[in-house]
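Have a look below at one chain only, the form predicted on its own, in structure tokens format.
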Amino acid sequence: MSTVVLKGLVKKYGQNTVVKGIDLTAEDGKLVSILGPSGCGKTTTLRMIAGFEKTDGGEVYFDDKPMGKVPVNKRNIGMVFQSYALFPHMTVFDNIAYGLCQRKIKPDEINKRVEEIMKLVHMEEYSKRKPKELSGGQQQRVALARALVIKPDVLLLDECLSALDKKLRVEMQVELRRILEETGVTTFFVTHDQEEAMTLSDKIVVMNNGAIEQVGTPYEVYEKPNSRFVAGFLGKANFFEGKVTNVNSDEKYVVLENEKGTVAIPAEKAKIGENALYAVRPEKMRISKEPKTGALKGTIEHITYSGNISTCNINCGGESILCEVTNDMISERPQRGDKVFVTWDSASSVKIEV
């Protein structure tokens, strides 16, 4: 397997720069998810790694070897597309064997490797079926097996789970992680689905407008976002912004003033006079009908029930705040119109550079 390094990678289409000098490393055997909204440059980045797109600056390295002049068919990559791109006239066995046949591998070796990879993806009973006779999840397994059977140095997955329904997509996330851990192949996974990125990744790369906003483990990116974009894109977040006018004696309570008024919030690491921005995840917040010291007072305007979680939209002095409560942890479910008090621990306020 390979360590993949991107150094100063740039891609332009006319006057429009869609990838703006990104630097990134995917360590040997790790799964790196590239996450971002449509048009942020994530798929273009993947295509430059593959060699489908020529770079306009920078270089792609596989184990310190520059790949800029290496054609696609010489890069030893496996790729799974959103559409799977299976050959409809071929059986499952022949679809998986296709790449080996193109490499002129001996028939006995082809049979051995195809049988091994079909067992790995649990498709050994379907070897004689055509793609149209398979479910979406089964087709996805075949596409993955075809990419892995050639023993690639790097595996590239482009929105490969997005065509599946939610239940099957969740199941395939678990299966995909199992398969990749067993093969140990260095993998790039492009997605716009935050849950997929959190579930599958060793490392998450959040892209926005052609640039990398943040790189880190799922925990780091979710719990310690370094920008308002990352905090808002990866999950839900409430934002509190303004000039710091007061900090209490134990430095765990901050008063912010902006054009809408003044708000006091549990927060750390602030200096009087500075402009500060804090993000608080909805699940970190607590609501109560009893007055609490330092609580924000508000009215529940809307509730979304999602099984074990209820998400409350609370109007606190004109500001809409999201709060998630675990239904089996409370004695009385919140109701629309309830007057409530919102609190959270000061450590849950993540300070973001303005």
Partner chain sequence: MKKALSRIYVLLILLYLYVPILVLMLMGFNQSRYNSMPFKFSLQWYQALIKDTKLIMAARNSFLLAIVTGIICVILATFFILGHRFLSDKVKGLFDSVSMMPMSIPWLIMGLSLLLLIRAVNLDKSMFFVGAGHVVISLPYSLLVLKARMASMDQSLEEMSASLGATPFTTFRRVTLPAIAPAMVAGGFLSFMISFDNFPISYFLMPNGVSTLPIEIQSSIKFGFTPEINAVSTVIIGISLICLTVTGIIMGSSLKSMMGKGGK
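Source: prediction; values computed, not measured. Residue numbers count along the first chain shown, from 1.
Beyond the structure shown, there is the form predicted together with its partner chain, which is absent from this document and is the topic of what follows.
Proximity to its partner chain in the predicted complex, defined as a heavy atom within 4.5 Å, singles out one entry of Met79, Ala270, Ile212, Met123, which is Met79.
In terms of contact with its partner chain in the predicted complex, the residue from Arg103, Lys112, Arg129, Lys260 that brings a heavy atom within 4.5 Å is Arg103. Annotated contacts: Arg47, Phe87 and Ile150 all touch its partner chain in the predicted complex [non-hydrogen atom within 4.5 angstroms].
This chain is displayed without its partner chain, yet in the predicted complex the stretch 93-101 from 93-101, 199-207, 239-247, 213-221 comes within 4.5 Å of it by heavy atoms. For Gln139, a non-hydrogen atom is located within 4.5 Å of its partner chain in the predicted complex, even though that partner is not displayed.
Remark: Tyr61 does not count among the residues lining its partner chain in the predicted complex, judged by a heavy atom distance of 4.5 Å or less.
Within 4.5 Å of some heavy atom of its partner chain in the predicted complex lies at least one heavy atom of Ser83. Residue contact check for Val72: one or more of its heavy atoms lie within 4.5 Å of its partner chain in the predicted complex.
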